[in-house]
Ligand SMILES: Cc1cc2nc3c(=O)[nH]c(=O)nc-3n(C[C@H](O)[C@H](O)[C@H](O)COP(=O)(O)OP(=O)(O)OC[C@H]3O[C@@H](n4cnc5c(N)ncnc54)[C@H](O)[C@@H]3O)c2cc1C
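What follows is a single chain, given as C-alpha cells, in the form predicted on its own.
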C-alpha cells in the first residue's frame, strides 16, 4: 500500500507545545504551516517570562515526574523522551546559557524569555516553517477542511495531519480562550471541563480587613507544613504557597462547597515556644503591642488574628498562640479561570491513541489542551515542550503508515 499523500501538516497554536511540534516535523523535512489567532506567536510564553523565565527544575527526575500528580503516569512517557536535562541542552542549542537558582529552578542566564523566543523563531523559519498570524481556527467544514477566520475573510485548508496546541483557558487576552472545547466535544472527543489551576481563592474577609490589607504580603507562613508566601487580596488570597496547593483546595471546594486551610503564621516557632512567649505578663500593654514585642507579630498578621478571633479570644494568650500556629481561613471559590496561571482539565488521555484523537484520526493534541496540571516551578513549561515533541513524532509515524 502507498504511504499517505503528503500535503503537509497544520500546527494550530503558537505556544511552546505548537512550536516544538513544528520543529520536530520540519527537522524531518515535512512542510509545516503554523497558525495562530494572535498577531504574533508565543505571547503567553513571553508574559510568563517577565518575572524571570523559569524553564524547568533541577530536582531528581522521579520527584520531578511526581509533581504531575494523578497524570504523572500519562505524561512520563513524553517526559522520558524530553527530560529536564534534555530541555536545558535544547535551550543551550539556541545559544542561551542557563543556571540553577537556589530553589532548584532553572533559568536562562538573562532571566528573559524574549531572547530565547527570537532565536527559536529564527531557527524555525530557517527550517522552513510557514507562520500564519491572525488565523483563528473555527473547526472543520462539512467536507473536512480546516476553517480559519482571517483578516481577509474565512479560509479553508486541507493538510495530511493536524496538531492542536491551543492552550487552556487562562489569560484569554493572550490567545488561550478554551473555545476549542465545544469544537472537539462536537466531534465526540471526551473533554474534561477546564478549571483554574495555580490560582487564588475567595475568602469572606470583613470590609475593614479587606480595605486595610489588600495587597499586603504574608511572608514566611506555612500551610500543612509547606512554607511559602501569600498575598492578601480584596477578595481572598493568592501567591505561590496557595498556588502549590490549589488543586487540592479547588477539588475540596467542588466536593464540599468550601475548604478551610490553617495558616501557620510562625512556621519557624514550635507551639510550645509561642506559648512560653505569650505566658509572660503583659502589664498595661495592649495585646497588639505585646504580640509585636514578644513575637514580632504586627500589621496584616495581627489583622488576621482579629478576623479569626472574637474580642475575648484575642485577649486569651493561649487561644492566640493556637491561632498563630493554625489560623483557620475558609475559602469559598477559586478565582476566575482567566486570572489563573494555568488551567486543569482538557482532552482526557483516555480519548487519545498516543497524542492522536481516537474520535478524529489524523488530529493530534499537545500542551495545556491535555487533561493534566502541575505547580509552577518549570513543570508546566517542561510538559508543554515534551508533549509538543511527542505530538510531532507521533505525526511522523502516522504519515509513514500505509493508507
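Source: prediction; values computed, not measured. Positions refer to the first chain, counted from 1.
Here the subject shifts to the form predicted together with the named molecule, a form of this protein not shown in this document.
- With the partner omitted here, the residue from 344, 340, 26, 347 that has a non-hydrogen atom within 4.5 angstroms of the named molecule in the predicted complex is 340.
- The closest non-hydrogen atom of residue 54 lies within 4.5 Å of the named molecule in the predicted complex.
- By the criterion of a heavy atom within 4.5 Å, residue 359 is excluded from the residues contacting the named molecule in the predicted complex.
- At the 4.5 Å threshold, heavy atoms of residue 36 reach the named molecule in the predicted complex.
- Heavy atoms of residue 266 never reach within 4.5 Å of the named molecule in the predicted complex, leaving it off the interface.
- None of 92 to 100, 322 to 330, 171 to 179, 250 to 258 except one has non-hydrogen atoms within 4.5 angstroms of the named molecule in the predicted complex; the exception is 171 to 179.
- Shown here without the named molecule, the chain has 381, 384 in 381 to 398 lying with a heavy atom within 4.5 Å of that partner in the predicted complex.
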